[in-house]
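Given next, in structure tokens, is a single chain: the form predicted alone.
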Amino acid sequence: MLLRDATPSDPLTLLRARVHEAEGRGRRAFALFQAVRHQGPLVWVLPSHVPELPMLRGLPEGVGERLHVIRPEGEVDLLWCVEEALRSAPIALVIAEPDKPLSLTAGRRLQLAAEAGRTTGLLLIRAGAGSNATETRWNCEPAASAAADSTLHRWSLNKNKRGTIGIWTLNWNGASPAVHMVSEARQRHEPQGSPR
């Protein structure tokens, strides 16, 4: 019998031994945030034709030393690399950027590999390219900020097989796992007064 981790109390923690998805313009920031929070070796699987690569010196502290980048030639090889990395028990987090939506069979194979290796997987997908087999799906977008030196992130949990969904706006400096949650504009923290 496979013992599963309990649902984490921190809503931004990805459940271990499962595969998750992130879409939107801020999906790579979300991936780096998760990389900081996962201790141990990290694998990032990028198609060979993608021109953008993680710049090691620009990554949050401690991530570059643990990161292994794999660049397979085609989609079949990419899925094979992801599956094998998920099965490797010492790997903490596997990040992958598939070009095409996963079939239900491919998604289920990745879930089984994550369970076997007790590894967390994060697929960075295009909008609408999600798989029904994944545990959670996040929509990640940058948000405007009044401060000149701050970038806010708006991360929406749109699919969650084990719990509730929600939206979080946070200020993350990109260097540590610490975040500052930001209240919604005009959110009340006291009872509303009686109408006049």
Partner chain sequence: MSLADARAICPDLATRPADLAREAAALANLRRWAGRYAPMVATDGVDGLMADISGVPHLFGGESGLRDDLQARLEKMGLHATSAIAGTRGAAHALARHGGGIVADGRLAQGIGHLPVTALRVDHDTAEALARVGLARIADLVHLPRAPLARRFGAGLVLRLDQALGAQAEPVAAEQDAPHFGVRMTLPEPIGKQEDVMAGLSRLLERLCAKLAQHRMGARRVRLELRRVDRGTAQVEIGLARPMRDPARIAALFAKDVEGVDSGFGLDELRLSAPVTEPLAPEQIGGSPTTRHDDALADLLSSVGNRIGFDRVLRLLPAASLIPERSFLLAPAAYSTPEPIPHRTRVARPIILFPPEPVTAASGTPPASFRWRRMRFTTLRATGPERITPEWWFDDPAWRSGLRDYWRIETQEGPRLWLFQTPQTPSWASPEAQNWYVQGEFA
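Residue numbers count along the first chain shown, from 1. These figures come from a predicted structure and were not determined experimentally.
There is another form of this protein, the form predicted in complex with the partner chain, and it is not shown here; the text below is about that form.
*Asks:* Would you mind picking the one in Leu122, Ile125, Leu102, Ala85 that has a heavy atom within 4.5 Å of the partner chain in the model of the complex?
*Replies:* None of the others qualify; the residue that does is Ala85.
*Asks:* Since exactly one of Gly117, Gly107, Pro98, Pro72 fits, which has a heavy atom within 4.5 Å of the partner chain in the model of the complex?
*Replies:* Contact residue from the list: Pro72.
*Asks:* Do Ala113 and the partner chain come within 4.5 Å of each other in the model of the complex, heavy atoms counted?
*Replies:* Judged by the heavy-atom cut-off of 4.5 Å, Ala113 is well away from the partner chain in the model of the complex.
*Asks:* With the partner left out of view, is Leu32 within 4.5 angstroms of the partner chain in the model of the complex by any non-hydrogen atom?
*Replies:* The answer is yes: Leu32 has a heavy atom within 4.5 Å of the partner chain.
*Asks:* My question is simply whether His38 lines the interface with the partner chain in the model of the complex - judged by any non-hydrogen atom within 4.5 Å.
*Replies:* No, His38 stays farther than 4.5 Å from the partner chain in the model of the complex.
*Asks:* Could you tell me if Thr151 has a non-hydrogen atom within 4.5 Å of the partner chain in the model of the complex?
*Replies:* Yes.
*Asks:* Judged by heavy atom distances of 4.5 Å or less, which residues of 73-99 approach the partner chain in the model of the complex?
*Replies:* Residues within 4.5 Å: Glu73, Val76, Asp77, Trp80, Cys81, Glu84, Ala85, Ser88, Pro90, Ile91.
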